[in-house]
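What follows is one chain in structure tokens, specifically the form predicted on its own.
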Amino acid sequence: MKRRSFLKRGLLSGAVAAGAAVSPLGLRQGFAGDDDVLEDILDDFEGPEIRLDIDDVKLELIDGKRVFMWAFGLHDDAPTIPGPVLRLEQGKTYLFEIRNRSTSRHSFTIPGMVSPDGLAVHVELEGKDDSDNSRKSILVLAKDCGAFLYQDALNAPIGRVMGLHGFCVVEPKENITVGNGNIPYPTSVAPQAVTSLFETLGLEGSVFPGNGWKAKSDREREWIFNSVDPRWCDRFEQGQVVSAGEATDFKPRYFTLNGNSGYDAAHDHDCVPTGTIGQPLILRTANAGLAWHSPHIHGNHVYEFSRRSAKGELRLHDNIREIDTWTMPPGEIAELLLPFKMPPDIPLSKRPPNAQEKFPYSFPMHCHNEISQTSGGGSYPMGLVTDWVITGPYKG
């Protein structure tokens, strides 16, 4: 099938499936079933495209057990749980092409993001056996900066918990500089508390000596927490359906961070924040599962500067506190600053270069919900835990 025909089919079928409340194109009133207008829209669109597949997969857990789940993946790449981190540039419009190769019906939704005409981003897709309705396209406007969680909202929250979730990060068009570095939100929308936090980074004599935060670098990590109930996995593999009303019967036996647990998470580059003293890093954390979590970090305290609700509503904090534990309800996103400062618990007399506490410093992050530290009903500490590492002194 030619791309033009593929897009046309997806856009038209999306208009029927989504109904009046949701626009599959963001310009639905503009074509309204008129093929010629639709052809013109496709001809004129020259923006970036993102192509995602939905697949049935087998996820290997920390004890070697393999369970049936669903996963997003870029076209022709291996599907992953969570799905790939999508980085968008503020102000641009993106064409998303979604192809469902799973045997089940699914949807694609990004709470908090909109189409160019301001409607919710949402398309529904039939299973792969219905090829006419298993492919949809939708225009997404990267209007506001921040972190979003793309997911399957059909029969919510079942699809999200069963693996269909991933981060979408909208970055400022140009790096916005404050103090000695950058800030991830425009100063026109960031409260003074957020601006001051990033302005202070790297200033001589401040509590955060070293560098400012650097945008579009490796100074960020995305953590998605999830939990797995193998009974649900078995039922879907057998072609049964778990309804949203059965969520109260969810009994997780595995707890994951970016699809990994325990030892695996503590040795995965995408899970482990790494850097020297004075290299601050942004942690974007989301809870895709149904269990509440309380991540607790050792070594440094962190500074939560934003929170996005499960419905996609953003709150930038106007009062930022120094914390070592934060609460993550299902579906929420929290952004925090990990300053990478010298751990204050190491006395001055014991610090390098002439003392016993030598680099690297490895510290744990674990959840204070104790059951989440286990896997398979009791294997400890093979649950929601990872490390973060200070590799050396400030290098300037």
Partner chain sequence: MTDIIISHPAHDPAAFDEFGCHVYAASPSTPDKLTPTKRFFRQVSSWNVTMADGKSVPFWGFKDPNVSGSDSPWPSKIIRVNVGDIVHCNMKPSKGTHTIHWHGIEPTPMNDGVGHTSFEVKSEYTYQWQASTAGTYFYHCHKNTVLHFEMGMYGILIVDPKSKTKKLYDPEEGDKLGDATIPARYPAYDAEGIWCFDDVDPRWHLYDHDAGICGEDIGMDRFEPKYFLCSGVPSNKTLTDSRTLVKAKAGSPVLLRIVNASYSELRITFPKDVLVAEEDGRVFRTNPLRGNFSKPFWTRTLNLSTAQRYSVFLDAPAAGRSCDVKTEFLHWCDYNRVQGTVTTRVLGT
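From a predicted model like this one, the values you see are computed outputs, not experimental measurements. Residue numbers count along the first chain shown, from 1.
The protein also exists as the form predicted together with its partner chain; that form is not presented, and the subsequent description refers to it.
Q: State yes or no: in the predicted complex, is some non-hydrogen atom of D55 no more than 4.5 angstroms from a non-hydrogen atom of its partner chain?
A: Taking the distances in the predicted complex, the answer for D55 is yes, it comes within 4.5 Å of its partner chain.
Q: Does any part of K216 reach within 4.5 Å of its partner chain in the predicted complex? Heavy atoms only, please.
A: Contact check for K216: no, nothing within 4.5 Å of its partner chain in the predicted complex.
Q: Whether P252 contacts its partner chain in the predicted complex should be assessed with a 4.5 Å heavy atom distance threshold; does it?
A: Yes, P252 is a contact residue.
Q: Closest heavy atom of F167 to its partner chain in the predicted complex, within 4.5 Å or not?
A: F167: no contact with its partner chain in the predicted complex.
Q: If you check A244, V241, L74, V207 against its partner chain in the predicted complex, which one has a heavy atom within 4.5 Å?
A: If I apply the 4.5 Å criterion carefully, the residue I get is V207.
Q: Using a 4.5 Å cut on heavy atoms, which of E97, E222, D264, E171 is close to its partner chain in the predicted complex?
A: Checking each option against its partner chain in the predicted complex, the one that comes within 4.5 Å is D264.
Q: Among 175-183, 134-142, 117-125, 296-304, which stretch has residues whose heavy atoms lie within 4.5 Å of its partner chain in the predicted complex?
A: Single hit among the candidates: 296-304.
Q: Can you name the residues of 310-328 that have a heavy atom within 4.5 Å of its partner chain in the predicted complex?
A: Result: D318, N319, I320, R321, E322, I323, D324, T325, W326, T327.
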